[in-house]
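Just the one chain here, laid out as structure tokens, in the form predicted on its own.
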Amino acid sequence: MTGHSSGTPDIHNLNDSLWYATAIPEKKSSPLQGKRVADVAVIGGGFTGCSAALHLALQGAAVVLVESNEIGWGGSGRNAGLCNAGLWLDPDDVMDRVGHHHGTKLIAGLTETPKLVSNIIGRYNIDCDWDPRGVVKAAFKPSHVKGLDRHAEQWRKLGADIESFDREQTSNILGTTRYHGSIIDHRSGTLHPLSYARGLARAAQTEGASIHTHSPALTLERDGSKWNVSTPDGSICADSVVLATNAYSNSLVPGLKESVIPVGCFMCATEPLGQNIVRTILPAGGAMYDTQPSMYFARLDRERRLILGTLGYFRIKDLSDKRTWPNRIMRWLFPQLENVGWTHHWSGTIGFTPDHVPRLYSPEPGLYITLGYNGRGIGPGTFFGKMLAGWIGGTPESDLPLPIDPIKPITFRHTRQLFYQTAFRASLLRGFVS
């Protein structure tokens, strides 16, 4: 198996982002040199890979992780930093798509993901601005309120702390009059995603994992009962391999790249807002996203900057141009920010699956893969990394939260990707009528 570039069309470097400018320092690591022997080789330095390395090391395994760029370089370091519980899907839909046996375990595991993230942050003193004040989902159209109510009711039956609001209450919570109702999931929170990714890697190193950045996996080959991973200047011989590359997967494993749909995610950040005006933006704290397929999402960081984003890849040369969509969205949502300027803009790639359910693969003995978080990478990435560690450590397949699927390329994958991108662009061109 030979690896090549994943080909994700991220149109900005990671160092263009606000997260890169404000993240905690990455703990020093170096490219892999020479031959290494390990119990487990981990490929990928995002949330899943770093969580797997951490939890494997806690189990006493000898772990070597290789990352082709730097920790959090992909979607883990480029997202909006919303740590949600569960999937996008309603619990009943999860049950329908994966069955009662797996659905029960998946829902139970993912409902606890913000708590898992919070516990890791606390245990390892990760400075990543964890804010547990919840995440609001807002109804873009009046007809969307019924879907929010259904989602909230299904979760409440399972004991989740989710609160519903009418239009006036939503306006007071968000500081905008544009939405018709909302729910807030009190299980969820926000964080600095790149700092969290770097903190996870540092935690794994603290527990004994060996991490090597700027070490792309070039080949992955099975030799008897062992796996060999080669990089430009080194190699790893391991009993097991965790492949945690998600939307940035390449051809290292045949068909894997084609089993997930890469979807863009674009964000902008303002200059720090003044104290008077910041009181009117998301005054209840936390963050929000809405019910559009190409959703708008917004949050504040610790320096009171507004971070605003949507799905898709966009090339914007001049953020001061009032006609560009970030300015149009900002004026539509928060007209009080008319004269506020932008300082950063960046993009990343997230991995979608056709049914919006993650995948578990084990195409050969000792090879473990998970991907397809559909825009919810922080909590699920951390959870599935821990789950993979448990699976390698002896968790029976019957206790896994998903069935083990064969790797199957998505039919018309490229067409689906183009459809998403076209739909996202069309959504922005249609204007702001809700």
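Counting begins at 1, following the sequence as shown. Values in this document were obtained by computation on a predicted structure and should not be read as measured data.
Beyond the structure shown, there is the form predicted in complex with a small molecule, which is absent from this document and is the topic of what follows.
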Contact of residue 296 with the small molecule in the model of the complex (heavy atom, 4.5 Å): no
Wondering, does residue 69 line up within 4.5 Å of the small molecule in the model of the complex on heavy atoms? yes
Using a 4.5 Å heavy atom cut-off, state whether residue 375 contacts the small molecule in the model of the complex. yes
Just checking whether residue 32 would be counted as a contact of the small molecule in the model of the complex - the rule being heavy atoms within 4.5 angstroms. no
Which is the contacting stretch out of 321 to 329, 349 to 357, 103 to 111, 116 to 124, given heavy atoms within 4.5 Å of the small molecule in the model of the complex? 349 to 357
Just one of 170, 245, 195, 270 has a heavy atom within 4.5 Å of the small molecule in the model of the complex. Which one? 245
Which one, 89, 316, 98, 82, lies within 4.5 Å of the small molecule in the model of the complex by heavy atoms? 82
